[in-house]
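One chain comes next, on its own, written as structure tokens: the form predicted alone.
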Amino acid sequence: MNSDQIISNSEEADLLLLQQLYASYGYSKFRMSKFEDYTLYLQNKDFLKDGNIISFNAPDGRLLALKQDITLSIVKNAGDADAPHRVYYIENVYRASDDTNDIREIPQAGVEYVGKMDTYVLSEVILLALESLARVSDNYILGVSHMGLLRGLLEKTGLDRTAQREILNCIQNKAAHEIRRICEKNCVENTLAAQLYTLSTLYGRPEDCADALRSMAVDAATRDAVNELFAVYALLQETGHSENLRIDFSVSNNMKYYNGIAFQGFVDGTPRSVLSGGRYDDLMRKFGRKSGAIGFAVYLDLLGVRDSAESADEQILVLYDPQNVSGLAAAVQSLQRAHTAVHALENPQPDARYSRIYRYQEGRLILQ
């Protein structure tokens, strides 16, 4: 028996599995306070998903803001060292509701990689996104696009930034006919208009979309984008998770900050994306950093997952026979020295998940 054979509906167990997943790939936990300097958000307001910054005066006179975004804090604190900066976080962010005076406390988990980029790094972060979805649902899809291809095609139109953003919004909303109207109104070349139209409707397994995407590679930059997308896919095919990957260019991000692969995750029963991420080298440049960066956030509120100050770093189960408990207390105590929570039970609980399971028999612990 392995730990994945006991499936849990426990929110803390789901959260624990995500932490274990990220740590197992060498990511360390990033911790921050509930507050950030107000100017960090003010200067990057168009990067924030919600423009309403919740600010207040600190006792020392500084203007602070309730933490609204984790990525900005990580980028602010990450340098340009040769060693990569791999972190994960379990944090709450705070956002003001648009239609009420309420402040929402939104739990998030996520991963950020800052450093030199290569195909493996990109595939590792996307693999972590796929495995994050697999930890919380049996039915999940990760939609993937590439801002390099999208940006390249939009720049070829010769349209101003406002019109480009209009087309980007149409692609995000799969409003293909509106793209055609904008292109006709602005005299965009027919072949290019057709490519943008096709891109907005393209959806499917990467191998099924390969010919269409390669036909849209009109210059070196867009060819590099398509080649990178399929190089990452080739590595993911080795992991067993590629079956859950779909090409979907409605998955796109702010072109001012994002420059590479972008992705969103969906699980059965939730209409909105529960995971969102991408490569954001251009945000790094705004902070004067030369490094690349890629990451994602999991929206725990949409999954019903909550953090808990009492959650353990590891949950261990020891199964035992009540008729044979001699030495059991000492055995459990030996595990507790290394792990925060050890559950000694005759039978496993049906609503619990454990990171490791032992059976106590013949005076010793046997890993199952």
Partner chain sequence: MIHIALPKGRLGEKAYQIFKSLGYGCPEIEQDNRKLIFVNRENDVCYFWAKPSDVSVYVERGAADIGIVGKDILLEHGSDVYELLDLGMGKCRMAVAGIRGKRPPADRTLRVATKFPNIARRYYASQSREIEIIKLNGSIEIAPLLGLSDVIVDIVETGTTLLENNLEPYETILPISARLIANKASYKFHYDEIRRISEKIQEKGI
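What you see is a predicted model, and the numbers here were worked out from it, not measured in a lab. Numbering follows the first chain given and starts at 1.
From this point on, the text means the form predicted together with its partner chain, which you will not see here.
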* With the partner left out of view, is residue 177 within 4.5 angstroms of its partner chain in the model of the complex by any non-hydrogen atom? -> yes
* Does its partner chain come within 4.5 Å of any heavy atom of residue 233 in the model of the complex? -> no
* Is residue 287 close to its partner chain in the model of the complex, meaning a heavy atom pair under 4.5 Å apart or at it? -> no
* Using 4.5 Å between non-hydrogen atoms, is residue 248 touching its partner chain in the model of the complex? -> yes
* Structure fact -> Testing 119-127, 87-95, 148-156, 134-142 against its partner chain in the model of the complex with a 4.5 Å heavy atom criterion leaves exactly one stretch, namely 134-142
* 267, 229, 217, 283 - the one with a heavy atom within 4.5 Å of its partner chain in the model of the complex -> 267
* Structure fact -> In this chain shown alone, the residue from 173, 77, 239, 198 with a heavy atom within 4.5 Å of its partner chain in the model of the complex is 173
